[in-house]
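Only one chain is included here, represented as structure tokens and corresponding to the form predicted on its own.
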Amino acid sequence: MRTAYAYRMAEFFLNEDHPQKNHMYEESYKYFHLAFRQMGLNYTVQEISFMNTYMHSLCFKSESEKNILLICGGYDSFIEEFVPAILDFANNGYTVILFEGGGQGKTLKNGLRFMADWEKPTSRVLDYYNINSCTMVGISWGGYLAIRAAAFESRITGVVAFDVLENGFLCMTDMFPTIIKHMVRYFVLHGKKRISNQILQILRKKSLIADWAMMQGMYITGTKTPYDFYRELLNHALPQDICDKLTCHVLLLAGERDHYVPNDQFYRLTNKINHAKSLTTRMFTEAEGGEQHCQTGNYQLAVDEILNWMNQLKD
């Protein structure tokens, strides 16, 4: 497992055109599944046809199935890395299905780029597994993706944002210094491609993190310039009209010191959800060790919260 995660992190930080990038992914995949076999996990691997290619999925079938739990990752994740965190769900009577849509893991390697309309790959997965009702959990950027899917897909009867992401464009520009941040947002929003790219290229030269973030973003979205990448992220938002379509049970999670998603997105999204069957929110604190993004450092807090919430759901 340690080897798998080491290869995963190596792949994660290599440029798209690095000659070892695909090799690092293949080695990570191999060692994850070797670890799963050594752990005695009972699961199947399914490749689901979609948009002239295939989406990668794993299914952990429960013999005493309480419900079906559909899980997706976020911005550039792949599902094998989540398996240790989801075993509690499988051990508590839930059939767990993890899948990768566009921009994620093996599905990205198959040529499918990141997409905002996540209800499309989600619906295909539900069709493939013949699912009539399920709860969906979206991890990290999946907090946007799962909420978006649930707004359009009635077979999702409960949805969890683990953690919340209300606006991807605002999230991915929040790393910049204040003045630069407002300049980039203004020029991108107003279609100023040349000056946007000039500013963003300067930022890439000054910041290794900014350079990697834009490189990775262009890789998963299939865009050619930083401006085009940020324009694509404008689609990853939950405006009021989409939130008004949410009629299932909703659980929103956040960490009070999330380094990635600003806390105001948690409060904005909470206030936008008016028609859900039920709405539960939880902001994890530093005192309990859950203040980081997706409760990194104490993710069991979030897992327990989701389990308790699911066990109490009423149709």
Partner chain sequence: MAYMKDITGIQQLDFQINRVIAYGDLAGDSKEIIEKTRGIKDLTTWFHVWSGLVWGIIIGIRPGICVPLMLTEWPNFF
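Numbering follows the first chain given and starts at 1. Since this is a predicted model, take the numbers as computed values, not measurements.
Form predicted together with the partner chain: not shown, discussed below.
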property	result
Of Y230, Y94, W141, F82, the one that lies within 4.5 Å of the partner chain in the predicted complex (heavy atoms)	F82
Answer option from D264, E65, E288, E47, heavy atom within 4.5 Å of the partner chain in the predicted complex	E288
Any non-hydrogen atom of W309 within 4.5 angstroms of the partner chain in the predicted complex	no
Close approach of M39 to the partner chain in the predicted complex, 4.5 Å, heavy atom	yes
Residue contact check: F152 to the partner chain in the predicted complex, 4.5 Å heavy atom	no
Contact label in the predicted complex: N22 to the partner chain, heavy atom within 4.5 Å	no
The partner chain in the predicted complex: contacting segment from 208 to 216, 144 to 152, 178 to 186, 221 to 229, heavy atom within 4.5 Å	208 to 216
Triplet Y5, F13 and N298 all within 4.5 Å of the partner chain in the predicted complex via a heavy atom	yes
Residues in 90 to 129 with any heavy atom within 4.5 Å of the partner chain in the predicted complex	none
